[in-house]
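This document starts with two versions of one protein chain, written out as structure tokens and named structure 1 and structure 2.
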Structure 1
């Protein structure tokens, strides 16, 4: 019997409790022993629940119980989650979390402490909700040098971009709709500004490239500057705009970033719509592998957490799977790209001359219709991204958001 203590009974924690209780017999049959939910810590009142007797408001008492084998942290945030997780590990308990902020801020410390104590610290649910990515990267794809990881890692932004492209909604209207449906928080900054996706790609780069669990210095750009006209240009070009979290192995190290990208229609990520997430992994032996599913939500995320619980119950003594020898993190804007941007004035000879003065190899794009009569778009020649972006800063013509234009 493996006994589980749960810290936090919010959306995800409630899902973990539901799975452990509802599918208890299924889990027992697959693991060969029971997975008993022994205690839940939450400061709120859950006296109406049929398992109300499991609740406590005293986290320290839960962590001190010698009969609890695995602690599941579903509190969110860095503190007090960090302190509670370290206390659990000090007490010889395994820990499972979905808390990406905790993993990025304190993951190195927690991993080291878990190794010292001979327990396991797993966090599959921190990067793709119900999509298994970390486990396959560490085990099933262990024979590969990972060349790149490109992901749609935030369901909120993907829903907003889908509504802007297919429904013709403005950013503000699509965001409001996402909030009404419960896909976006009342304060959506972490999603729409790219912070959530940045933390997730940081974790995936750690697993794939051995990089430190630190997202400092990663180039991050959200979707707040995008307009529905950008989506219409993309559609005219047979493309889709997605917020792409990217980690790629290059000579001398790796690059990592989060930024909007205009993907060709046949790109594996171009058709990922609504709140769905996907991660495209390239390995030198296996080629491209696509992981697709619900990247957030109560039961998908809880499913990944319970998967980690099952892993620990089956293999409690497994040593931590070491990441590869670390690669050096390089300037995220040092790669070769093309960039897209709307130019917010008519395509006059003077405007064309201005464009060609800064972007001599640019392709100019016009779209029929009254809404586009006073503007056009440009796609730059291929060049070093930092240099191309610097040219836009010197661009005298008013222009919109700058979007990566992914070849071909």
Structure 2
């Protein structure tokens, strides 16, 4: 019997309790031992629940219980989650978390302590919600040098972009729907400004490129500057706008960033809609591998957590697979790209001259219809991204969001 102590009974923690209780027989049969939910710590009142007797408000008491083998942290945020996790590991308990902020802020320290104490620290649910991606990258793809990871890693923003594209909702209404469905972070700025996706690509780069668990200074742009018209230009061009988290191995190291991108219609990530996430990984031996599934939500995320619990119950003393030798993190904007932007004035000869002066060879795009009479869009030639972005800062004409235009 493995006994589990749960810290936090919010959206995800509640899902973990539900799975452990509902699928107890299935899990017992598959693991060969029961996975017993022994205690839950949450400061709120859950006295109406059928398993109310498991609740405590005293985290330290839960962590001190010698009969608890695995602590599942679903509190979110860095503190006090970090202190509780370190305390659990100090007491010889394994830890599972879905908390990407914790993994990025304190992962190095926690991993080191877990190695010293001979316990396991798993965090599959921190990235990609219900999609298994950390485990496969770590183990099933261990034979590969990973060349690139391109992901739609935030369900909330993908949901908002899908609703905007389909014309059904404004940005604010779509965000509210995502909050109601339990997809959004407590502070949804973390979703829409790209911070959540940045933490997740940082975790994947650690697993794939051996880089430190630190997202400091990583180029991050969210979806707050995007408008419905961007989606309509994309549709006109046979493309989709997605928030893409990217990690790519290049000469001398790797680059990582989060930014909106206009993907060709036949790109494997172009059709990923609603709350779904997908991660396209390229390995030097396997080629392309695509992971797809629900990237947020109660039961999908809890499903990944319970997968980690099962792994620990079956292999409590497994040595962690080492990350590969670390690659050096390079300037995210040093690669060659094309950029797209709306220009918010009519396409007069003067405007055309201005565009061509600053962006020689740019392709100009117009869309029929009254809503587009006062604007056009430009797609630059390929160039070094930092230089192209700097040119947009010098651009005299009013313009919209700058979006990576993925070739072809």
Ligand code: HSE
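The term rigid core refers to the most C-alpha atoms you can superpose between the two forms while keeping them within 1.5 Å. As the structure is a computational prediction, the values presented were derived from the model and not from experiment. Residue numbers count along the first chain shown, from 1.
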### Task
Name the structure that matches the description of the form predicted together with the named molecule.
2
### Query
Rigid core fitted, is the C-alpha displacement of residue 137 between structures 1 and 2 2 Å or more?
no
### Task
Answer yes if the Cα of residue 195 shifts by 2 angstroms or more between structures 1 and 2 on a rigid-core superposition, and no otherwise.
no
### Message
Superposing on the rigid core, is the Cα displacement of residue 331 between structures 1 and 2 2 Å or more?
### Response
no
### Inter-form CA displacement between structures 1 and 2 at residue 175 - rigid core frame, Å
3.0
